[in-house]
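Next up is one chain by itself, shown in structure tokens, the form predicted alone.
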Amino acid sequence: MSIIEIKSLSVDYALGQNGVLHALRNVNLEVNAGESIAIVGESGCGKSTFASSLVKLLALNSKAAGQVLIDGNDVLAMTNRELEAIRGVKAGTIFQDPAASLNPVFSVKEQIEETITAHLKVRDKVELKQRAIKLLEETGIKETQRVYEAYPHQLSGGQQQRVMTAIALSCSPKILIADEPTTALDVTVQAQIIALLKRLKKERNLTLILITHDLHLALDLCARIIVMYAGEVVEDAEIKSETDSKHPYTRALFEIIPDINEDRHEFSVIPGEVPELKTVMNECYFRNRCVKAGKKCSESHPEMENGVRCFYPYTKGRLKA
């Protein structure tokens, strides 16, 4: 059963005299309750705009079209008052930079309890503290009393991210949106946060939406991978390895992952950059970076077919004739 339905979602950003940036274009997606999906792509592909659209946290210069349905309710059509029943309650969000997301002038205690009070109307001080401490314990924080009373600057990056996770889960949402949750953390702490998300997903039966540029992380947490490029979904499939992928861009993302088993550690890059879409063109937007591009790619824009947006998709490791 679908818990999220996205229908023809497009988001444009007004750039004043510089025109309009088409950040998302005609995204269609269904997510079942309890499913884990990863939205993958380079910077500039529309991942964060997609995440923001799910709970209507878009910039003032944006214009959204289409529908984002959560439990059948269109988030994009809601007022700020109506969104209070969605944000934090049905969908909790972990942002990519906890130091920037947490308010530096309020303690952890105040920030967790404010969320519980606002959404669940709990005002009893003893109950609020019990709930906050329990959430901190659930996210793996050891010194719960110290962290509970601390300010964000007094915590490590990993502790800050666990506090953000506690706040996101404070109203028991069905959906957890994790937007680049390990970006600002060192490798050891990243592994801890990944393990935490896995455990919480299982224990709470969450629907997990992971936003990441890290394909390795996506494969570790999610079976279903949604690959975005230039504001579009270019592949939507259950991917466990490179040979499962069909789009040349997905293959390119696999190829830039370093192999720790090789004696020589040479880093690969995808040549070129993601196009800044101020003009919608009738062509494949990946064609100038694609080693498989053909004449057809410059003459028309590919549509999604069998989970891939490509005229020449791979099948079983080989290029389609």
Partner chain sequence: MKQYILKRLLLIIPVLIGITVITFAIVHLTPGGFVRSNMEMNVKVSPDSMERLKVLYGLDRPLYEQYFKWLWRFVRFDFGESFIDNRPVLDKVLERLPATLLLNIVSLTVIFFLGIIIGVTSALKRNSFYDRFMTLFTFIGYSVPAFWLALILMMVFAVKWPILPVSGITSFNFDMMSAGEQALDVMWHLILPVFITAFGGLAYISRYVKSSMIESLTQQYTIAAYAKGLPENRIIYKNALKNSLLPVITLLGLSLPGLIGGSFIFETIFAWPGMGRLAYESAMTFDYPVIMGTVTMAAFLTLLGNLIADISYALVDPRIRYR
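Positions refer to the first chain, counted from 1. Remember, it's a predicted structure, so these values are computed and weren't measured experimentally.
Another form, the form predicted in complex with the partner chain, is not on view; read the next lines as being about it.
- Residue heavy atoms within 4.5 Å of the partner chain in the model of the complex occur in exactly one stretch of 220-228, 125-133, 104-112, 198-206, and that stretch is 104-112.
- Though the partner chain is absent from this view, in the model of the complex it lies within 4.5 Å of a heavy atom of just one residue from 216, 142, 146, 153, which is 153.
- Proximity to the partner chain in the model of the complex, taken as a non-hydrogen atom within 4.5 angstroms, holds for one residue of 75, 234, 239, 167, which is 167.
- Highlighted residues 57, 84 and 100: every one comes within 4.5 Å of the partner chain in the model of the complex, counting any heavy atom.
- Heavy atoms of residue 118 reach within 4.5 Å of the partner chain in the model of the complex, making it an interface residue.
- Though the partner is left out of this view, residue 80 does reach within 4.5 Å of the partner chain in the model of the complex, counting heavy atoms only.
- Although the partner is absent here, residue 88 is a contact residue: one of its heavy atoms lies within 4.5 angstroms of the partner chain in the model of the complex.
- Contact annotation for residue 93: at least one heavy atom lies within 4.5 Å of the partner chain in the model of the complex.
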